[in-house]
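Okay, so here's just one chain, in structure tokens, the form predicted alone.
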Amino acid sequence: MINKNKSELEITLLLEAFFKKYSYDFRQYSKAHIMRRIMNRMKMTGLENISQMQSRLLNDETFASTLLQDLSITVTEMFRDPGFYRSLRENVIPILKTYPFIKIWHAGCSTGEEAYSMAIIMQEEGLYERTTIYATDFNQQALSQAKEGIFSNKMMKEYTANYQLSGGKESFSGYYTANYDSVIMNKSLKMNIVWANHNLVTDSVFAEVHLILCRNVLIYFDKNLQNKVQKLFLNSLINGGFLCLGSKEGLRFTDLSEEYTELDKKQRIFKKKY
């Protein structure tokens, strides 16, 4: 018990140091997520304890950058959970078509695969010319990769299958150009994507939008931070706007569950009440 309490105190001090020195705030992230990533990094670097890691963090910016990547949430893929994108096409897109212009916020976009997925859908639905997609993340390295739109060719078979299952209307290979072991997404898809640095933990409302996608991010936050971010989303959505969460996330036990109607229970799509 003493060792467990010591480790928790050391992690608290480590995260406080990270925030004070580099302004990255992981203090309200899930303790299990933080502990798992930190212990893995300790093992990989041969550090004996978390206190040594704190000293390294404060004195080595390269190590700080590495730890930032460890603690960031970068798990993503194109048309991830195809059933979600199919539901989006069927239940949300028809309503978005009624607006003269459309603003979409991908919060925690990581390396951009899901933002490009959204751009493809909007293009196929004839809506992309009047759509702006704000793709944000606090991880600048991930954002830079997303902006380049270069992905591993090895993933294209899986992404193609996802695309087809999501209700794709064209040949997926038409949306990128292959170059040896990599592919680059078409410039036409990048046209209306605005990549921006935004931290859900510390920053305020980003823009007033019609649709927010933040899938499989909130599960890494503790309860208080989840509620804080949910309020941020509520204040960012227009009346009647849509909030899309991940398969293990929801609004049922949050402070704001009464502010939404459930559009698709299985796919976690919610509509803000008027």
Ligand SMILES: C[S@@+](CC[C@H](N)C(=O)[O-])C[C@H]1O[C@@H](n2cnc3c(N)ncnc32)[C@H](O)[C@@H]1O
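When you see a residue number, it is the position in the sequence shown, counting from 1. If you're wondering where the values come from, they're calculated on a predicted model, not measured in any experiment.
Although it is not shown, the form predicted together with this ligand is what the next lines describe.
| query | For the chain seen here without its partner, which of 122-130, 86-94, 106-114, 177-185 has a heavy atom within 4.5 Å of this ligand in the model of the complex? | reply | Looking at the other structure, the answer is 106-114.
| Taking heavy atoms and a 4.5 Å cut-off, does Val217 contact this ligand in the model of the complex? | Val217: contacts this ligand in the model of the complex.
| request: Consider Asn139 of the chain shown here, and say whether it contacts this ligand in the model of the complex, taking contact as heavy atoms within 4.5 Å. | output: Because a heavy atom of Asn139 falls inside 4.5 Å of this ligand in the model of the complex, the answer is yes.
| message | Taking any heavy atom pair closer than or equal to 4.5 Å as contact, tell me whether Phe63 reaches this ligand in the model of the complex. | response | Phe63: no, not in contact with this ligand in the model of the complex.
| request: Please check if Tyr29 has a heavy atom lying within 4.5 Å of any heavy atom of this ligand in the model of the complex. | output: Judged by the heavy-atom cut-off of 4.5 Å, Tyr29 is in contact with this ligand in the model of the complex.
| query | Heavy atom within 4.5 Å of this ligand in the model of the complex: which of Ile73, Ile150, Met156, Leu165? | reply | The option sitting close enough to the partner is Ile73.
| field | Single option in Leu200, Met118, Ile102, Ile193 placed near this ligand in the model of the complex, where near means a heavy atom within 4.5 Å | value | Contact with this ligand in the model of the complex is made by Leu200 alone.
| query | Mind checking whether each of Glu16, Phe19 and Lys223 has a heavy atom within 4.5 Å of this ligand in the model of the complex? | reply | Heavy-atom distance to this ligand in the model of the complex: none of the three under 4.5 Å.
| field | Sequence-ordered list of residues in 80-102 near this ligand in the model of the complex, where near means a heavy atom within 4.5 Å | value | Residue within 4.5 Å: Arg80, and no other.
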